[in-house]
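There is one chain below, alone, in structure tokens, taken in the form predicted on its own.
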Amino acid sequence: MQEVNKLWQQLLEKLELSVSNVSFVMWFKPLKVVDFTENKTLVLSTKSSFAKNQILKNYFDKLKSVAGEIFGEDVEIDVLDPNEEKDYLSKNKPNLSKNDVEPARNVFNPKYTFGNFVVGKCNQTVYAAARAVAENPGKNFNPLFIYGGVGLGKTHLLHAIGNYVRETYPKMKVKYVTCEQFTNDYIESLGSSIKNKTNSEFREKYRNVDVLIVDDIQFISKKTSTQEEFFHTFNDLHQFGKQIIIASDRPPKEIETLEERLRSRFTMGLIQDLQTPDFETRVAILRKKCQLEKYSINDDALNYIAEKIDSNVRELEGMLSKVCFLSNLIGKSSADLNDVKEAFSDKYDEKNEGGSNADQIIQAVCNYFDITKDDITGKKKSKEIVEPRMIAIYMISEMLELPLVTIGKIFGGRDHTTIMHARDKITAEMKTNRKTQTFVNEIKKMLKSG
């Protein structure tokens, strides 16, 4: 059933556009397909029982909904932890062959190559560095540390390096993992009843490679033992001239959970940032996507998309796919400006709770905290202003899904990394801080009532 893999990748792509980046990386990206049964049950496996519980508790409805769109409304979902997966495989013969499920096990995406990466002023240096590393692993820029905001092309470059090395140096062992996968593998090795053997297997898995690619290092655990293991893994590989590539949404100095000795190791090589693409690069990205997917859309429509979405390549390409899909759905051979405007209208209405816009959200926050709009959008840095400002940024991001650059302009021209920091800080506090939860919920009530 080779078609299952294609459908699974479509499901992941759709989920990636509909949930936060943190949620996707932590819970959905590590999932793998175990089986697709004759009665249309999609059997999935997680990396840990904790991950399974989080998915069932917080994300199962979303997973089921998207699976219904891709696999059919009558599809059922069964989520297994690692032990349950072993039991399942011992009792059942899956309908999928090894080749069927391999792409879900971190095989590099064949679409993510250097040839398909659009190079502009915003990324030409990091592209050149990635290419140099791929051409001579362990010889140039070791480690290579790539950082940048969500959807700017980090994962594309990591996969491009992996694809190039595997094609050019087929005898080299290349391993790609997310930081969350590394952590889970290490925790699993600690909890085994045959601890010494499992620790040995873990180290063999991560240290007996020629190229190690680690994505989303910003999620590294605060636990000393996890960072200790990663530190020794890094040292072993670097000592023997093995290539290390690391990606993050921020530079090493801004990763709060990072121990100083790891931060020092990460800065030994080359640190490169992926910047927001300029207008010309965004148009070129859209044209490349049209070429690869055989989309038909006129220039005015392409330019409109590039003007509206200015900070996220993933979102840019997602909107193009949506426009062309809707256009084909109504029987048009080519999408035009009207199709684009209709798609954007749907997008910004989707999560607009109570019909609120950015100005109304800001005014509600100002009223709640008894401050002025000039205070909240200005440069004041007192706690009485900073906290409401971050809450306003979080609420606009959550309720309206505006691009980070657009939100930055609303708040006095702040850059997208500042906006991202504020959003992520309040997002984290909403999980544990009752005071912050109360602030946000009461402001939402104000918006709905008034």
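Just so it is clear, the structure is predicted and the values come from calculations on it, not from any experiment. Note that residue numbering follows the sequence shown and begins at 1.
This next part talks about the form predicted together with a small molecule, which is not shown.
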(request) Select from the listed residues K322, R265, K308, K154 the one whose heavy atoms reach within 4.5 Å of the small molecule in the predicted bound form. (result) K154
(request) Could you tell me which one of R314, R207, K242, R166 places a heavy atom within 4.5 Å of the small molecule in the predicted bound form? (result) R314
(request) Given that the partner is absent here, state which listed stretch (72-80, 230-238, 296-304, 146-154) has heavy atoms within 4.5 Å of the small molecule in the predicted bound form. (result) 146-154
(request) Report whether the minimum heavy atom distance between Q272 and the small molecule in the predicted bound form is within 4.5 Å. (result) no
(request) Mark I220 yes when one of its heavy atoms lies within 4.5 Å of a heavy atom of the small molecule in the predicted bound form, and no otherwise. (result) no
(message) Since only the chain is shown here, I'm wondering whether A129 would be in contact with the small molecule in the predicted bound form (any heavy atom pair within 4.5 Å).
(response) no
(message) Taking the small molecule as it sits in the predicted bound form, is S189 near enough to touch it, meaning that at least one heavy atom pair lies within 4.5 angstroms?
(response) no
(message) E317 and Q10: their C-alpha distance differs by 3 angstroms or more in the predicted bound form. Do they come closer or move farther apart compared with the shown form?
(response) closer
(request) Given a change of 3 Å or more, say if the Cα atoms of Q10 and A306 sit closer or farther in the predicted bound form than in this form. (result) closer
